[in-house]
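So this first bit is one chain, no partners, the form predicted on its own, shown in structure tokens.
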Amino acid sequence: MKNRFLLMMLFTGIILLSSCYYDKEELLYPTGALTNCDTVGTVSYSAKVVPILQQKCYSCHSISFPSGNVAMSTYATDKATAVNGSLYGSINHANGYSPMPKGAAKMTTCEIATIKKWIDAGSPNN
């Protein structure tokens, strides 16, 4: 009888433990998933990249107030930040880079993909 009870408890415990699992919400429901992201063709600096940078970067990294000694807000400064790798490294939260935007949520997958595509194209002024 004791063995049967222990076996029943063990079976119940296994069923309960196997029914519990942990999923990360950001993996199940990513914000800005690439399925809704329009990065087909050429990514325009003025139409696609600047609006993202205005919303996420320029308030802290302007020419007059270059937080962290990183100035942005013109094509020349944005391209320099892109070419030296710090723009993508920071927004992608890569090791060795300061994660940006500081004190805010990470950019969406779509925003990062848009900027990456512009950088990979040579950071054109289009």
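When you see a residue number, it is the position in the sequence shown, counting from 1. For clarity, every value in this text was computed on a predicted model and none was experimentally measured.
If you look for the form predicted together with heme C (HEC), you will not find it shown, but the lines that follow are about it.
Q: Report whether the minimum heavy atom distance between Ser86 and heme C (HEC) in the predicted complex is within 4.5 Å.
A: Flag for Ser86 set to yes.
Q: Using the partner position in the predicted complex, report whether Thr77 sits within 4.5 Å of heme C (HEC), counting heavy atoms only.
A: The answer is no: Thr77 has no heavy atom within 4.5 Å of heme C (HEC).
Q: At 4.5 Å between heavy atoms, is Val70 in contact with heme C (HEC) in the predicted complex?
A: It does: once heme C (HEC) is placed as it appears in the predicted complex, Val70 has a heavy atom within 4.5 Å of it.
Q: Is it the case that Lys56, even though its partner is missing from this view, gets within 4.5 Å of heme C (HEC) in the predicted complex, heavy atoms only?
A: Yes, Lys56 sits close enough to heme C (HEC) in the predicted complex that at least one of its heavy atoms falls within 4.5 Å.
Q: Quick one: which residues from 87-126 get a non-hydrogen atom within 4.5 Å of heme C (HEC) in the predicted complex?
A: Those in contact are Leu87, Ser90, Ile91, Gly96, Tyr97, Ser98, Met100, Pro101, Lys102, Met107.
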